[in-house]
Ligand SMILES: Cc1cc2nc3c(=O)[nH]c(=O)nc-3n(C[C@H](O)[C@H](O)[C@H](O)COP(=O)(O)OP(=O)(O)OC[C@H]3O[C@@H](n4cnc5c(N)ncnc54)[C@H](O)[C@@H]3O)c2cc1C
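A single chain, nothing else alongside it, follows as structure tokens in the form predicted alone.
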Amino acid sequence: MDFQLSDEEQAFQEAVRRFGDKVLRTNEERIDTEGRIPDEVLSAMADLGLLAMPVPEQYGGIGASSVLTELAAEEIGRGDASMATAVFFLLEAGWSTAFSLHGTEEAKQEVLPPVCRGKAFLGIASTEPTGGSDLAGMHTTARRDGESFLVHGEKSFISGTEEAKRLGGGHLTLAKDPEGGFNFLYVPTNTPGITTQRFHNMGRMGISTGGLSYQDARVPAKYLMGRQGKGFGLAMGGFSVARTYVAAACVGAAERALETGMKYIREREVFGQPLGKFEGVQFELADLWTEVEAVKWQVRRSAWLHDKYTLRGDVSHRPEVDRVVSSVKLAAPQIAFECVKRVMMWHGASGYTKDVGLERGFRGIMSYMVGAEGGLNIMRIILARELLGKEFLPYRQ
């Protein structure tokens, strides 16, 4: 792996950083308070090719590599530290990759171009009210009925339920096949038989979280990803890609917090000298910066592995990919949260106010610790499985 970015990659990263500074930061408070990403922000992202950017050009994307997409995720996490825009971005980037790889030609021609233009939403629906990682306990079914599937059941804690209604679009949905295995299919949210419910999160206010209820919703067979009953592996591959972009966004948010903190401790004077002259603060800064820098390059390696193996259909390196991805999804949110927390403490009482803005990151990053794209303990289970072997799993597979 070459640690030097190409001229094209550097130029792209700089362009996304300018976008983050000029567009995302200026709309950050509005996104958090109004509870949605403004249409003009989505339009600007589409103009830069940031929406579903891995999609091949013939379907409206820019055919971006995983490394280029990871760079964009970093900058979007830096630009909107609430994580709302990052969530919108990484859902579409990660799951449009799965759609591009496994969708039918008819479905790709229909669904992906509007997603790339910001005129439709694409997300993932796997979690259910009884849990997200216990797939053996999944109740939602997708039963074949002629040239369509009948989807019945319920999904919960799904990102983008309101956006899919407002913009159009839907979610790649994992459901049990009564004949055996799992089906993975794209389900438009506005399909008859589907109702939605919105939940009220503590953070990431700019993108909705909710539930989806399916009452024998009829979904055309053209929306099936891969083969009937063989959707489990396709969904897990999609999570692997999406988790990489989650970690990248957390790196960006962590770097933003440290930049804010360094500016403050250089300027804030206590006892007649800058706060940054105190070793207690210096040592915290040094430790935090080292941890962020270390995980950033592991995230970059994760994206590189996807380009080298995952997107080429090479499953022989799946254990290596799973180890790296689970490690960065485990580490990056915790490091980002710690950065925000410590910088808030450097600020003292002002850090607890909304005026400084650090609390948006505090609330948003927590979502990646408790469950979004896989909770921390699930990442630990995956990593331990790859280190010790499947016989050490705490459950039957």
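All of these numbers come straight from a predicted model, not from anything done at the bench. When you see a residue number, it is the position in the sequence shown, counting from 1.
We do not show the form predicted in complex with this ligand, though everything after this point is about it.
Next item on the list: Check each of Thr140, Thr127, Ser148, Ser327 and return the one that places a heavy atom within 4.5 angstroms of this ligand in the predicted complex.
Entry: Flagged contact: Thr127.
Checklist line | in the predicted complex, the one of Gly181, Pro319, Gly193, Gly131 near this ligand [non-hydrogen atom within 4.5 angstroms] | finding: The residue in contact is Gly131.
Next item on the list: Can you check 42-50, 343-351, 61-69, 364-372 and let me know which stretch has heavy atoms within 4.5 Å of this ligand in the predicted complex?
Entry: Answer to the contact question: 364-372.
Notebook entry, point to check: Is every one of Ile158, Asn201 and Arg204 within 4.5 Å of this ligand in the predicted complex, counting heavy atoms?
Noted result: Checked in the predicted complex: all three residues contact this ligand.
Note to self: Under a 4.5 Å heavy atom criterion, is Thr209 part of the interface with this ligand in the predicted complex?
What the structure shows: Thr209: yes, in contact with this ligand in the predicted complex.
Next item on the list: Decide whether Ile378 counts as a contact residue for this ligand in the predicted complex under a heavy atom distance cut-off of 4.5 Å.
Entry: Within the cut-off, so yes.
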